[in-house]
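The form predicted alone is given below as one chain in structure tokens.
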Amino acid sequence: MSVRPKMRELSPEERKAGFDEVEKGLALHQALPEASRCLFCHEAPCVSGCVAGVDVVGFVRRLKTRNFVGAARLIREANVFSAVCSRVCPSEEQCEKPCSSTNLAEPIAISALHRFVADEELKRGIRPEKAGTPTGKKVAVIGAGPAGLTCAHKLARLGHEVTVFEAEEKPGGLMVYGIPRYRLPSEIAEAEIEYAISPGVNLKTGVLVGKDIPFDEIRRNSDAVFIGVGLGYKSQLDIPGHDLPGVLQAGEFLRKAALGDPPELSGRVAVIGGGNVAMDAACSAVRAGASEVVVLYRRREEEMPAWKREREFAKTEGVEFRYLTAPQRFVEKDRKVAGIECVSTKLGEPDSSGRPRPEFIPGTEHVIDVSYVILATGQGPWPEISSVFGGIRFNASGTIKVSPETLATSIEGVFAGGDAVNGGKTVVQAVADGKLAAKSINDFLS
């Protein structure tokens, strides 16, 4: 039996030199034997593990017979952002985790095979879609992230007139403004965004709902509305010195890096946080000129919300991790941040998140010298979301309250999905929400 293949990668020296994509995908001589390892289960657990509903067995079978076009079309029918998700999905926790081959050797490299198929399609060019027979119904989509664009794509193919309102100058949301280019090259995201709007989706960028156009006006001019506005960053530590020069917000830092204009860093950079955003910030800091990057986290590694793959990626790039460490204040020198006073922690009883609560250990105060700090302590709903979307009910966390079966909000004809509903999950979950919302909206309009 063949061994699970490993993607080609840039060397550690090459990857630190810039934002070029690190993983280079599988070669044909790797992909075909790996596809042959699939057991082609009748009721395949990998399919149920994919929230977007990709027919994994079907596309792997087509790949095995070199039907690359058929494999690509089968995936894309289920997932508008096929190439994106093949790069950023936590496949080890979703489709690959329940793989039947795990009991024999290792799970099939589903994500790598998915990427191989998607990349072959990108080489040929993605075939655009046509709009469906006009229904006379108008749908407004607020937010051009993966949830909103997926919903818009599906509805346009059904014949509805769809207009997408996006506050940024470019569509794509997190795919364009949040995910580092070494993980997701801009040309990949742009190609799939073009595909998403290909069936006649009307796109209006630079339009902030609530400021440039009232939500009520959009509702009056539409037969249905989908809200997919994503989340904002709330990386604010309420400790002395948080507003010093040199203390950066992860969201803005990653945004600039994704757009090709990262801030120039130097010396030791500390990243505070333990999620995937913190891992992205740490690896981007390496590329932005930091001589040393250290991640500070107040719990142990096993409690970190960042995926194991992301943690290992950061370690490969030389990022240092200091666990059981909690910042207390930022130290100033020459009118900018120069250090972080920290205290060691121990873990107590579980808190509301179900993880052990960090408790300070008296007498363990110490200072870590730094040149810059990047705050990556979490995301949350936009503060103004409740005032913009008046009449919609929200959860205590600030996320939009919806019916899980339909994604319908408390206002008839208004649906919502993606991070603004689930609190921040994955691109593929946003795609799944967009698909469900499109079905629900079409049922509503029918």
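From a predicted model like this one, the values you see are computed outputs, not experimental measurements. We number the residues from 1 along the sequence you see.
One more form of this protein exists, namely the form predicted in complex with a small molecule; it is left out here, but the text below deals with it.
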Using a 4.5 angstroms cut-off on non-hydrogen atoms, would Leu254 count as touching the small molecule in the model of the complex? yes
Give a yes or no for Pro327: in the model of the complex, does one of its heavy atoms lie within 4.5 Å of a heavy atom belonging to the small molecule? no
Spell out, yes or no, whether the shortest heavy atom distance between Pro358 and the small molecule in the model of the complex is within 4.5 Å. no
Answer for Phe165 alone: is it within 4.5 Å of the small molecule in the model of the complex, judged on heavy atom distances? yes
Only hit among Val209, Leu347, Val331, Val294 for heavy atom within 4.5 Å of the small molecule in the model of the complex is Val209
Heavy atoms within 4.5 Å of the small molecule in the model of the complex: which of the stretches 332-340, 175-183, 191-199, 294-302 has them? 175-183
